[in-house]
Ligand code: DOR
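Have a look below at one chain only, the form predicted alone, in structure tokens format.
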């Protein structure tokens, strides 16, 4: 007997009527047959459908000395309520994840308090030899920020040797905040592409300009192992619209772009130029966002999946936010297929407004405030068990992705 069957419209390549049978936390069968026995049966309403849960590769959970901005608990609950069951955390915490000891401490905290599975990016350490110990502690990738670009080749070669992935925030640091800022991304990409080796596994985070995306796409057409992610705000929000809504709080890195650039970025998305959709969830207090020098970044975990679904449809949403990022982490999630983990989301077709005052996240500033979405998360299954339903959370065991490497790996 199966543990659970979900019957109704299911996305498995396309939306169609079917039954998803779950046993021991995994998808055991996806079939049109509804005759098999299960301990629990969920029948979807006509306005509901079942999708794989999302994996977000770019999340800032704060905590530690920045717990007033966000905590592991509040941030991962926000993710869960948005249909996300795996996140990859960035290393610019306070203190930073730039030593093996801090990576171990962070993974311990995540194991204890996270509501979703997780992966951890390492920060660039003072001595590059520390990366080997950081990988052994559990980091799957190293994140390189603008101020660390002069060390790119040294860090990237070490990461390549260790089998670590490389994530890049591509902006020329000296150009940020100057008249040359609009070119900071593309100039950085131009410089980096001459330094990337064929054996490196490189992900360009939050690419926001058509010019930078075109350069990266051309280079990987030559056989280089490169991928690109794009954020909700660079896909669906313009600088002028954001400033009309939230003023100086529109600050984000890279900055928001023109309407023309946004339209072209969406066109690239539809041509499969981008590999991943990720929030760059960067929560700050309202005071920090409303100051004369506002902190850069927005919250987005609670509406990113419904937003992409509403704007681009289930096929593209599942590819960019479920299947591809799960493959990047090497986990069996992101597809409604036999043998995959039963991390699933029941969505319903109903309208709801983005209201930051009701966010689970402590970060409650977004330029999408007031927008109405046509899809909402009803139930989230993690390993075949209900983890979220109508603002109720059920904490379950979580997994570090990947497990800490053994010495000598």
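Quick caveat, the model's predicted, so the values are computed rather than measured. Positions refer to the first chain, counted from 1.
The next section is about a form of this same protein that is not shown, the form predicted in complex with the ligand.
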{"item": "Option from 374 to 382, 28 to 36, 54 to 62, 41 to 49 whose residues, in the predicted complex, bring a heavy atom within 4.5 Å of the ligand", "value": "54 to 62"}
{"item": "Residue among 257, 253, 113, 219 with a heavy atom within 4.5 Å of the ligand in the predicted complex", "value": "253"}
{"item": "Candidate from 201, 242, 92, 74 lying within 4.5 Å of the ligand in the predicted complex - any heavy atom", "value": "92"}
{"item": "4.5 Å heavy atom contact, residue 297 to the ligand in the predicted complex", "value": "yes"}
{"item": "Contact label in the predicted complex: residue 333 to the ligand, heavy atom within 4.5 Å", "value": "no"}
{"item": "Residue contact check: residue 229 to the ligand in the predicted complex, 4.5 Å heavy atom", "value": "no"}
{"item": "Interface membership of residue 284, the ligand in the predicted complex, 4.5 Å heavy atom rule", "value": "yes"}
{"item": "Contacts with the ligand in the predicted complex, stretch 129 to 148 (heavy atom within 4.5 Å)", "value": "145"}
